[in-house]
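Single chain ahead, written as structure tokens, the form predicted on its own.
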Amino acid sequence: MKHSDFDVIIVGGGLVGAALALALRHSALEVAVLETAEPPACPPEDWDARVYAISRASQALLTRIGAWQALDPARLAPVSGMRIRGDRTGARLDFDALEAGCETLTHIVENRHLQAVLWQKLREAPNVTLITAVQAQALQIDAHRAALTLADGRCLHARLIVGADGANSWVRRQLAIDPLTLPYQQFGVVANFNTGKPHHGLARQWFRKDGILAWLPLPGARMSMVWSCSAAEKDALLALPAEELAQRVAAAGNHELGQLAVITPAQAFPLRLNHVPEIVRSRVALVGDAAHTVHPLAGQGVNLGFGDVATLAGILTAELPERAGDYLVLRRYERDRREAVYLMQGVCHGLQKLFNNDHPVLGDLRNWGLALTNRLPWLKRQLIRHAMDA
């Protein structure tokens, strides 16, 4: 059996895992990233249906690690404003970047495009080893190190194992850490469309009786849809031919972008909240969806993950390499992230329950709340700044 020694092994090379490795690229730490497959290429003619709204804080992190400036500007869509509508006439909330004294609220970027850039930078990092086309089989931890056994017989040793392997984290399961899972009985249906009218950089969101519909601007006359809906609605949307799906989505958004045409077929994924009671153990830390999930209505899931990266990388680079897996060091990361994660989970969960509800009193309350907030510029500025710095 071959042995390899590292300071940090990151299990999972998605956006968060790759960003963490890059955040450590100038440190004294020897880092390995374990991923079953390298990310697929992102052809210029294809548009990924999975997109993210990158906050100002996440953009700053991506800039520090050299990824943001390597993105193709033609694949980025700056968002200059947001229009939110309730399920009753007059219930509206409008955000504008100028109100916050900035040019943009956020940027929309495709998952595959950002992933490709992160991996390009990983290949250039002198202290990062990429291990692909193999799966982890076993994890053993003692007082001095962690041992990760791979399916091909190799055994990797490290001072610290980082689980960046998603909501169904293999690393978390090896530690027997069971998340408190609250399924929303909803699915996120995503697809991209050409639009008949310009979107002017505006993101749009409707709180409907059959779910939450969001239209996010893409470069050019294109937009990305995320429709959080029931299983029955999901099945109905996925069963529609492309032309009928475009008509259904256009009508749901009051034809604000004119006639739509499908670019990427609809896909769906289940929505749930995962509250993970522990995100660190001796020699192990969890980041990203392995550590927490939230409802996508606020578009903050990946930003929470990048927040994990910034905090954990800052702590690890300030310590001696031999202390990378010390429990007391990792506990600082857990404490620093607790408030931000709990706050975002609480806000998203509360909004989902408030708007996915037929109670007439709650209906009055939520729509009144949208209209009231829209009339309070100081409160809107606070909400904008909080979201941008998440």
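In this text, all values refer to a predicted model and were calculated from it rather than measured experimentally. Residue indices: 1-based, along the sequence shown.
Just so you know, the form predicted together with a small molecule exists too; it's not on screen, but the next bit is about it.
At a distance threshold of 4.5 angstroms between non-hydrogen atoms, Gly307 is out of contact with the small molecule in the model of the complex. Proximity of Ala21 to the small molecule in the model of the complex falls outside the 4.5 Å heavy atom cutoff. Interface membership of Thr106, defined by any non-hydrogen atom within 4.5 Å of the small molecule in the model of the complex, is ruled out.
Contact annotation for Gly188: at least one heavy atom lies within 4.5 Å of the small molecule in the model of the complex. Note on the interface: of 24-32, 51-59, 64-72, 321-329, the segment with non-hydrogen atoms within 4.5 angstroms of the small molecule in the model of the complex is 51-59.
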